[in-house]
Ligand SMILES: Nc1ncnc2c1ncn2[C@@H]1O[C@H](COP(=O)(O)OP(=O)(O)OP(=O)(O)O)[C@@H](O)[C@H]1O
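Only one chain comes next, encoded as structure tokens, the form predicted on its own.
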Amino acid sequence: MSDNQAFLEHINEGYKTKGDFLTMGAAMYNGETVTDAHVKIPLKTLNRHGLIAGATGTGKTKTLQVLAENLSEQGIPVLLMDIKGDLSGIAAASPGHPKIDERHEKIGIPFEAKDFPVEILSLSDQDGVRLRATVSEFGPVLLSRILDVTTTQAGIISIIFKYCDDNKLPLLDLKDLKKVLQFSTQEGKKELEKDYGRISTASTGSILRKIVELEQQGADLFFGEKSFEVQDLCRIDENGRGIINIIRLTDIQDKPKLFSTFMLSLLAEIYGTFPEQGDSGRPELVIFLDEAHLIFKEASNALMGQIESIVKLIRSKGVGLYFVTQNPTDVPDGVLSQLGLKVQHALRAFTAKDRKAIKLTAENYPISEYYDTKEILTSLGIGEALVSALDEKGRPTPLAATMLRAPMSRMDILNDGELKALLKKSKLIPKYNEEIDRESAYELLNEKIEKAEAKEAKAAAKKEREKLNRSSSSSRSRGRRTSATEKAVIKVLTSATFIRGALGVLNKLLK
């Protein structure tokens, strides 16, 4: 048996699957593509998460596009984070190209151009379905971790949430939260201290500063109503294809705290609301996190712990998470160890640090008798990658250097006219893009403060009137006393006895 024939059997046996699967492409050996040595990923293991890594320009985004298209074809909804703004073309069919035909001939898969059902979402003022969540839905624990506050400050945030729950004060946006924090150490200080204990002004001041920092990154656009319902990410179109939801994030690349806030909120909401999936044989939703290092950038230890916990637990809900980044070292070890599928594009060895990273990356893959992993990592071409997955029994598949299939949709973005036409067809924009600012903690507390101030002003006015009345009464009393004395003197002076006495004295003096 020739080496090529042995390799073909090795791959076909390792990637054999009985259930539904996605075909990534064909394996390569000795620099040549082995037609019909297809690398297949079972749908059953796609909720075990994954990694797509590689240097800039090696084809990571196209790999993401291929996976999203094939999942949609299988009726599985997808959520994509479009940080670079180059994924909207999934909504249009590929125009085709001779090089694409040549690639697919080598792989042994016919090429078919298709468009796919797409929903454009937005975290900011960009066009698309607005994504929001209320502060109450976010919760005190998650909010404390995002703000990276101390244990004492986290306790104060919990008290604030409890006070608002007890007094029916909805916490919808950040201005509500700031208002309650200010109220807790000013007008409402005595009220809160009576039922919940003393709240430090210094601590609330520190929390307020962290909230302002979050606002400066655009979080005031995210917190509010109407809250996005995560079940709307799991829609299927009329042809049975999963909707590909694309979140446009081109304007928040320099706002890592907002991005991590949104992602953690979304994952927590999905975990909290999706039912347990069990071993269903296919995922309910697959999420691709492009430029994944932004999630972990500037993340506190508490936040990192929360992310790792969700990654470990969310697969039981039938949700697969796929991190797309330049280097596997961008993803923390605790998360990396949970990833079943790894698609590693070429890495560049320009420095000693690069060579060290390549050595560490190679150690994350199964040992192969057919490849020198460290060497092949630097020699892969565009659209080629090392692939390692899990088979239907959860075992690692053989390492395969793979020529990846081309996307069926356009590898370029939609123009303005196409984008507007796509947004016009959206069924979610009418549901979520209406601005709602209903009465919440901010308005209710302002009303409460105004009433208290009016009551105090009324009491002060009453007190002042009483004081004036007392003063007036005292003046009248003194007036009455003076008048009586005068009358007595006049009476004496005008009495007959006094007149006679006075006249008698005068008579004596005259004599």
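The numbering used is simple: start at 1 and walk along the sequence shown. Given the structure is predicted, the values throughout are model-derived calculations rather than measurements.
Heads up, the form predicted in complex with the named molecule isn't pictured, but that's what we're talking about next.
Just one of Ala406, Ile244, Leu143, Ala133 comes within 4.5 Å of the named molecule in the predicted complex, counting any heavy atom, and that one is Ala406. In the predicted complex, Lys425 stays away from the named molecule, with no heavy atom inside 4.5 Å. Although the partner is absent here, Asp173 sits far enough away that none of its heavy atoms falls within 4.5 Å of the named molecule in the predicted complex. At a distance threshold of 4.5 angstroms between non-hydrogen atoms, Pro42 is out of contact with the named molecule in the predicted complex. Interface membership of Glu119, defined by any non-hydrogen atom within 4.5 Å of the named molecule in the predicted complex, is ruled out. Stretch-level contact analysis of 119 to 127, 427 to 435, 197 to 205, 398 to 406 against the named molecule in the predicted complex, using heavy atoms and a 4.5 Å limit, identifies 398 to 406. Shown here without the named molecule, the chain has Ala55, Thr56, Gly57, Thr58, Gly59, Lys60, Thr61, Lys62 in 40 to 77 lying with a heavy atom within 4.5 Å of that partner in the predicted complex.
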